[in-house]
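Heads up, the chain below is alone and in the form predicted alone; it's given as structure tokens.
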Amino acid sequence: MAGETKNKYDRQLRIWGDQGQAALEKANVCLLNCGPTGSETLKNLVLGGVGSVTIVDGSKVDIGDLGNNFMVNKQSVGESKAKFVCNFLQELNDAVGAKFVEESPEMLIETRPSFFAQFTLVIATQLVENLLVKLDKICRQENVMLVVARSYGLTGFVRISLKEHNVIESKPDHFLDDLRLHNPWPELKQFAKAIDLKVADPVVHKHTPYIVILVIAAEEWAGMHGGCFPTTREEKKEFKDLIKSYMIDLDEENYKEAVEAAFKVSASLGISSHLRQIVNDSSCDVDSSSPDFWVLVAALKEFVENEGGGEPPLEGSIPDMTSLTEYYINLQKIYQAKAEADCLAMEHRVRTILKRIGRDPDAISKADIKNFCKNARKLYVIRYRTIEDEFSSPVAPELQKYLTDEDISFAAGFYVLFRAVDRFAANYNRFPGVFDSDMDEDVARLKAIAIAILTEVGCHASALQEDLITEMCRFGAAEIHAVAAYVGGVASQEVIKLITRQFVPMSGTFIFNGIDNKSQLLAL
């Protein structure tokens, strides 16, 4: 990556690295409707350096847009909204390719579905239910990712839809270090045995790495307990006492670190249930059309059953700790050597599988295999329901539970009312509350529609709060900039996760409740 680009995107490169930035710069994103929600979403992506964007909007700028969309001005009134937003975004980052299509998204969805095949991802904003269902089918057929975002008064939602999304670099906030203290390999055991915890030199004793202390203590414990490690609370306390018995001074930080990390010795052998579910997935039965991810998972499964002895490849890094420099460097080398050996074994299995399924054995790079090995314990596979399936048969018990849960009821109510306002618009050619004179009648109509929707999916209509129905009508389908900016921020964050294939994107419908300033993710 060029130095100028690195300087430009320095902060975000620290989060998703060169590989993530390269994926962003290759991406071709389409935005449907460039009102405040869509414009705010795309602004974040343009500033982040997405490769190219196409804005689809057939409307003209009107006076009302000046109050909630900072990307248009007085001079643009009566002109193409797509053109002016496109020009504004281009000024924010001229490295991004930007173009616009002066056509309504509805027309493209209905008459030119092939238009969407050219994009990496489509962001659909402010679309009603029937159009979303059609667009979702189009995007799935063309293997294009879809992110839906909408703001409506003081509420809004974001939803992702695609067949399957695989994440290698999930980057969890908290994850147990891969130190294998519960299952040390021969070289680590040998290194630990060569170090005497009864050494007379106090400097050396104070700077023996806690990894070594735990390997030695675990072996001593296992020898006294039939080869088993501590499991019960009482046993874990006794194990910590054993570690403390090695201390010759109360201020030995390395032994305090060993006591704090003692629980790592009791980690379960083998792979996690989450990873086991992935390696046992039917997609592991790969063929020539299988994505690289599943080829790598198939190789991982073989590795775990053979060279790994039930364990995934070692990550190969160790945390900072109190230690003599010599000990620490030697430990690093031991962990790195084991990780490299595991990676070589994985590479051999990947090449063999590729050859077996009729693909080029070098189709997956060594760098990609190494990255996969480093993150093998943290893989994620997410499969999304179609929007049509969710709308026609939501998980009724979950929805009912959400509606009656005091903390989630507002979010669940808005979820139902988003569907209700779209059905209202289909029946009356306008959204409820647009005209003050019809407010009372609109509230009654919207309530009847919402009750009908809940009845259709098998939920009790009494759970829907009356106040929410009134509020939804008061909103009058307005896009408030503050809400649009928040919803757009959430949507752009999910887009980046999807494009970079880093971090875990949301699974479900994210609802923002601006009345109480709360957010909820509903899995329906």
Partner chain sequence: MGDASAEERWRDLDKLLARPGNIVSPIFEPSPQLRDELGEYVRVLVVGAGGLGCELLKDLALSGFKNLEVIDMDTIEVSNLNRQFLFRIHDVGKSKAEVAARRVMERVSGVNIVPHFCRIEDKDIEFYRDFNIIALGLDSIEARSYINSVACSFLEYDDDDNPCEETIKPLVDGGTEGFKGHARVIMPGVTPLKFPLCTLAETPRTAAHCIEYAHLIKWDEVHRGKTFDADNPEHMQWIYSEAFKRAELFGITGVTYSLTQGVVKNIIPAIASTNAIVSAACALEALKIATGCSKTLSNYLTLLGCLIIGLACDFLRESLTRYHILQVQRSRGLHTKVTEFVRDQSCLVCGPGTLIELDILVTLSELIELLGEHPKLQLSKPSITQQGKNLYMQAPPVLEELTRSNLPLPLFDLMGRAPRGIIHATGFANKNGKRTSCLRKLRVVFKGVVDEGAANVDMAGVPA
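Fair warning: this is a prediction, and the values are worked out from it, not measured in the lab. Positions refer to the first chain, counted from 1.
There is another form of the same protein, the form predicted in complex with the partner chain; it is not shown, and what comes next is about it.
Residue contact with the partner chain in the predicted complex: F410 places a heavy atom within 4.5 Å of it. Of the heavy atoms in K264, none are within 4.5 Å of the partner chain in the predicted complex.
At least one heavy atom of N44 is located within 4.5 Å of the partner chain in the predicted complex. At the 4.5 Å threshold, heavy atoms of N69 reach the partner chain in the predicted complex. When contacts are defined as a non-hydrogen atom within 4.5 Å, all of I63, L92 and P172 contact the partner chain in the predicted complex. Considering the partner chain in the predicted complex, the lone stretch of 27-35, 480-488, 52-60, 453-461 in range is 480-488 [heavy atom distance within 4.5 Å]. Interface residue among W185, F191, Y328, W294, judged by heavy atoms within 4.5 Å of the partner chain in the predicted complex: Y328. Annotation for 313-336: interface residues with the partner chain in the predicted complex are D320, M321, T322, S323, L324, T325, Y328, I329 [heavy atom within 4.5 Å].
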